[in-house]
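Single chain ahead, by itself, as structure tokens, in the form predicted alone.
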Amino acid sequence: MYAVLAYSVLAIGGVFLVLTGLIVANKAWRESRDAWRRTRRRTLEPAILSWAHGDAPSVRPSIGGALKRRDRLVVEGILLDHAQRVRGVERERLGRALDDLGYVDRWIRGLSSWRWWQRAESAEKLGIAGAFRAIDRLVRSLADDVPEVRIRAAKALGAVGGRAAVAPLVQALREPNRWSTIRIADILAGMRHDVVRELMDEYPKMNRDARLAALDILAKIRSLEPVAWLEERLSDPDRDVRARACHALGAIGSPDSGPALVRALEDPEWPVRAVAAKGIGRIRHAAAVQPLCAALRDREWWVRANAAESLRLIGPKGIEALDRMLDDRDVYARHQAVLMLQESGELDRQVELLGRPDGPEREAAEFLVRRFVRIGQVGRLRELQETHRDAKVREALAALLGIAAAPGGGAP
């Protein structure tokens, strides 16, 4: 009995000892291999980079002729790492080297692997390599059963670029059940001008979510090409489409969009009016001062706030308009004008002039302060009266505020 137990303990101990030895040996082997690869990389990398920045037709002489099996992973790592860091001719040359050395063919075959992670990794590497001839195979990977493979194939198509890669990605916008619309939209936006015409052509076939995403993509790309097309979307029955079109026009910033955005200020839906007001400020459309002043009377806060911000962005004409709106009969308009004159720092700049000798500038500053006092918006003025560094300014503010506070004192 005891002998059996002793043999069992010795057997288990022997197994653990063997396993420990295997683990230690495996770790030592891995560390030795990694050290060799680092050494080999330090040897090969300068020659490969020198080739990438030169004009020699093939990379093979830089790696000593034919690619050795033991160098395959080292060279792959060098080429992929630097292909992600450079642009232009150098990146094209690195991608061509990956193709010339057989990596692209290997990754295309990897897209058919039964291991999903190998398919995903192959798709990602094809994108880094800019492997244009892999587009058809990457398009088929968009139908992969595994979401991670699909999204990496989509990113690879975005990296490869070209009209052939755009079409399937635009198509993917129409399948929200299989795709994250936001992720596909980000990929398309990164492709810049290649996608503009495709989005406009495919727009009528898209569902609502895809249409909204398409408008957001055009806003990010900021190409002038779709401006007239976007203005047509301002008459769409869907208020969200109209609002996104206003946003895109403002983001693109074409001065020619001003009249269309001004018309959108009269839209029956307040989100459209709010985004139109913001867009006008982004393009600095000075002719819209009066319509923006009218928008200060809107019953929706976002419309008023965006209209006031746009008046500030327009510049002196907009500031003058905000100044005039302090006398408006509409309480909403007066309140919004007060807020923007304070937030923009215009009130503080005018108060600063109270410390100057008598003259037109000081008179204008006093006139503005009196109007703030008259409509009861004195919070910021009282704060400045207590904290301003200039004693003359504090005295002037005290006098102006004191007139309003005196018993029976009327507004000046």
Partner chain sequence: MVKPARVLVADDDPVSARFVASLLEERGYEVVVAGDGEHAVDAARKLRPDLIVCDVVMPYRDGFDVLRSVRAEPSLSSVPIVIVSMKDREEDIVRGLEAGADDYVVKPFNARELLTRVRKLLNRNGRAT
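If you superpose the two forms and keep the largest set of C-alpha atoms that fall within 1.5 Å, you have the rigid core. None of these values were measured; they are calculated from a predicted model. Positions refer to the first chain, counted from 1.
Quick note: we don't show the form predicted in complex with the partner chain, though the next part is all about it.
The candidate spot formed by H53, H82 and E90 lies fully in contact with the partner chain in the predicted bound form, as each residue has a heavy atom within 4.5 Å of it. This chain appears without its partner; in the predicted bound form, the one residue of L381, L67, L49, I375 with a heavy atom within 4.5 Å of the partner chain is L49. The listed set R371, R60, R362, R41 contains one residue whose heavy atoms approach the partner chain in the predicted bound form to within 4.5 Å, identified as R41. With a 4.5 Å cutoff on heavy atoms, V196 does not count as touching the partner chain in the predicted bound form; it lies far away. The partner chain in the predicted bound form comes within 4.5 Å of a heavy atom belonging to V86. The closest heavy atom approach of E45 to the partner chain in the predicted bound form falls within 4.5 Å. Heavy atoms within 4.5 Å of the partner chain in the predicted bound form belong, among the stretches 74 to 82, 204 to 212, 296 to 304, 98 to 106, to residues of 74 to 82. Taking the rigid core as fixed, one finds a CA shift for A228 smaller than 2 Å between the shown form and the other one. Once you line up the core between the shown form and the other one, the Cα of G88 ends up 2 Å or more from where it was. After superposition on the rigid core, the Cα of M340 moves by less than 2 Å between the shown form and the other one.
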